[in-house]
Each structure stands twice: as structure tokens, then as C-alpha cells.
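Below, in C-alpha cells: the form predicted on its own, a single chain.
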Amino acid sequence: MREYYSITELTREFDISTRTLRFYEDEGLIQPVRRGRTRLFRPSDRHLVKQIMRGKRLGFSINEIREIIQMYREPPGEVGQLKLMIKRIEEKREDLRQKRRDLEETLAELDQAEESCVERLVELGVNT
């Protein structure tokens, strides 16, 4: 395993900008080693970036990701992190279910509005 990764290597691997990595650093999510102005990322930083990207894909906010990462660093550790992750996943799942219900309701309203428009056009003698 490598000792360090450069910022360029991580940006290419994860298809993110250097600004994004600096943002994660500013947010305290990763803590690269500094050698002068150069940032050197340890394998643990690379792993955290991978987890951050996964959390973003799942729809977690930076604060939620920070909370999960922080729980791993401090007690209750991995067990607490896993339990929190399960809780957050269920919350996201319920949010998505609600959005699906909202979308289905909106689609039904649009169908009804379209049907009313078509009926009115027929009443006016216009072919659709």
C-alpha cells in the first residue's frame, strides 16, 4: 500500500476538482499531511474521500457525512457508526418514498388537467 497520494491522483481517481478536496479539508472531513504548500493524502484520507463520495451519491448532506465519519473516529466507534448509518438510510428511504408519492400525485393532477383541456377542445369542435 502506498504511503501518500497527491491531490492530482485523488481528483483523477474520484473525478472531482481540487477545490472539492480543499472543501472537504476545510470542513474537517479529511486531514492531509502538509509539506510546505503540498497536500499529501494518506490511504485513510483516500478511504474517507471514497466514503464521502458514496454518501453524496446516497443523498447525504455534508453535515450528515461528517456526523457518520466523526462517530467512527470517537466512541461509540464502528458499531455506533453502523447503527447511525442504518438510521440515516431509513430516513433517506422514507424521504424518497414521500417524493415518489408527491410525484405520483402531481402526475395524476397533470393527467386530469390534460384530460379537461382535451374535453374542452372537443366541446369547442377542435380536433386533437
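Position 1 is the first residue in the sequence shown; the rest follow in order. Here the structure is a predicted model, which means the values were calculated and not measured. Basically, rigid core = biggest C-alpha set you can superpose within 1.5 Å across the two forms.
There is another form of the same protein, the form predicted in complex with another copy of the chain; it is not shown, and what comes next is about it.
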{"query": "4.5 angstroms heavy atom contact with another copy of the chain in the model of the complex for Ser116", "finding": "yes"}
{"query": "Touches another copy of the chain in the model of the complex: Ile89 (any heavy atom, 4.5 Å)", "finding": "yes"}
{"query": "Another copy of the chain contact in the model of the complex: Asn63, any heavy atom under 4.5 Å", "finding": "no"}
{"query": "Contact of Leu58 with another copy of the chain in the model of the complex (heavy atom, 4.5 Å)", "finding": "yes"}
{"query": "Interface residues of 93 to 112 toward another copy of the chain, as seen in the model of the complex [heavy atoms, 4.5 Å]", "finding": "Arg93, Leu96, Gln98, Lys99, Arg100, Asp102, Leu103, Glu104, Glu105, Thr106, Leu107, Glu109, Leu110, Asp111"}
{"query": "Is_shifted Lys92 between the shown form and the other one (CA, 2 Å cut-off, rigid core)", "finding": "yes"}
{"query": "Did Asp15 shift 2 Å or more between the shown form and the other one, C-alpha, core superposed", "finding": "no"}
{"query": "Val33 C-alpha relocation of at least 2 Å between the shown form and the other one, rigid core basis", "finding": "no"}
{"query": "Direction of C-alpha distance change in the model of the complex, Ser44 to Lys92 (at least 3 Å)", "finding": "closer"}
{"query": "Cα-Cα shift for Ile89 and Ile68, closer or farther in the model of the complex, minimum 3 Å", "finding": "closer"}
